[in-house]
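Quick heads-up: it's one chain on its own, the form predicted alone, in structure tokens.
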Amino acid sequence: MNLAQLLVRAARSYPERPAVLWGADVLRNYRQLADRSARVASYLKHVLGLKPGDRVALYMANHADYLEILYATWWAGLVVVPVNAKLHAKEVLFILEDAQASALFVTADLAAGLKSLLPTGSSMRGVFTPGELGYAEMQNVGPIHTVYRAPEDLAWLFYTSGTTGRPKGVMQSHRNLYAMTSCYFSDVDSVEVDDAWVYAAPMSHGAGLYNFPFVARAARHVVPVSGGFDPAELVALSQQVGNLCLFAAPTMVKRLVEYIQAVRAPVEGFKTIVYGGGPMYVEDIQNALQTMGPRFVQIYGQGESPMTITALSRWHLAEQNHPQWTTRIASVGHAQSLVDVRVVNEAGDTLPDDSTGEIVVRGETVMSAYWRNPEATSKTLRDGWLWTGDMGAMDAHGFLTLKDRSKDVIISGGSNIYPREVEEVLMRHPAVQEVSVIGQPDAQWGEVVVAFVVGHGLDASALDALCLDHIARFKRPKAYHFVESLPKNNYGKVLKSDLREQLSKK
């Protein structure tokens, strides 16, 4: 069940179909992509002497060679360790050492700050930079056949963001990722041969994981020349390439929609925008639907069950005449086809409809364990269920609405306050561009609600009045901090830990 068989099949059946595009220009067809992957795989196996199950790290910005390196790693029976390109070199070193990586691929923009720090005598047998001689020489090695891997064998070792301590390595098998791909087809979107998946978000994360459905269909893969998210570039690519599909964080969706509105750009070149990775506010998705039409699908997942806990279909998002439409578009949809999802109390008992508790999930997409971390594994995987750490409520029709991460819930005077509820209200103000709500320690109440707000011409009294019109008095912020921007990671999530640190220094 080697994932590389997806590329083998595509190349045999449709060798001349365009595979990798650099901007709007075709760089490689499927025959060329498979041949290059087979040669890199041969080098890893025969020249470096790597054995099935050895780990290969990819510390790379989005790059035209990313896909061939991914598939070469699996082709040789090895394990991919994708590393966030925004991490500090010392953070990268922790991952390399913890994963006991045997080889490293690093793009030129990141190589200088890392190579000098690599310790001697480590498990590392080779460091390669696409575009340089050492990488080019890999193409001189004869190709090999794919190495057999069992369904349960490790394929993808993904390190969590580490917001509550050292990052943990999530162990995803070939079976897990095949199941995730099946869920894309059944719950997210169809893929046609002339569709194009554009990597506007990091290939080391969700955008990269969604390569599989497009390889399976021998569709196109577009790496933007900018290497990431640029609204003007995406609009241009939608016209030049057509049938553009992408994964975007809600903040990226908002920026794209605002750009399209500002320049009155055409939208017919976009097929599907899958969004997730953070809260999408009702006002924002309504605006997006009004501007771009029914081109959106929401997914909810996490590294431990990647992209595959729930999905909110384009049909539900477009069903504006449904009496519960506003409530439903605030949800993250139904459980995906290959998983069970429940909302439970601390004892693991399923809660009644519309009750808030922790979200748990089980199924073919759920990780086997955390890498070399049995203590964290036992806390997160219990009796076959993944305890997500996310709080939510499920209605009688199976729609799941996220509240917040359990660690982000604010307990003030003994009452639970969910930041997203307050954020949704504040986003109703037309001058509010972004907002993030956190708890601040307080001697009297335990915690009080504090809001960081991005916008112009705002004052606290107007926001207070808005809150008092829509939510209970005890939930309104006790303080507002007006800022130019919110701290985010490279896939659009607001870093609430950074906001808490800012508060501690005030």
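Remember, it's a predicted structure, so these values are computed and weren't measured experimentally. From 1 onward, residues are counted along the sequence shown.
Another form exists, predicted together with a small molecule; not displayed. Remarks below refer to it.
You can rule out all but one of 431-439, 297-305, 196-204, 251-259: in the predicted bound form, only 297-305 has residues with a heavy atom within 4.5 Å of the small molecule. Although the partner is absent here, P213 sits far enough away that none of its heavy atoms falls within 4.5 Å of the small molecule in the predicted bound form.
Mapping the unseen interface onto this chain, P419 falls outside it, with no heavy atom inside 4.5 Å of the small molecule in the predicted bound form. Within 4.5 Å of any heavy atom of the small molecule in the predicted bound form lies no heavy atom of R125. In the predicted bound form, K488 stays away from the small molecule, with no heavy atom inside 4.5 Å.
The single contact residue among G357, G269, G363, G278, judged by any heavy atom lying within 4.5 Å of the small molecule in the predicted bound form, is G278. Among V83, L426, L157, L402, the residue placing a heavy atom within 4.5 Å of the small molecule in the predicted bound form is L402.
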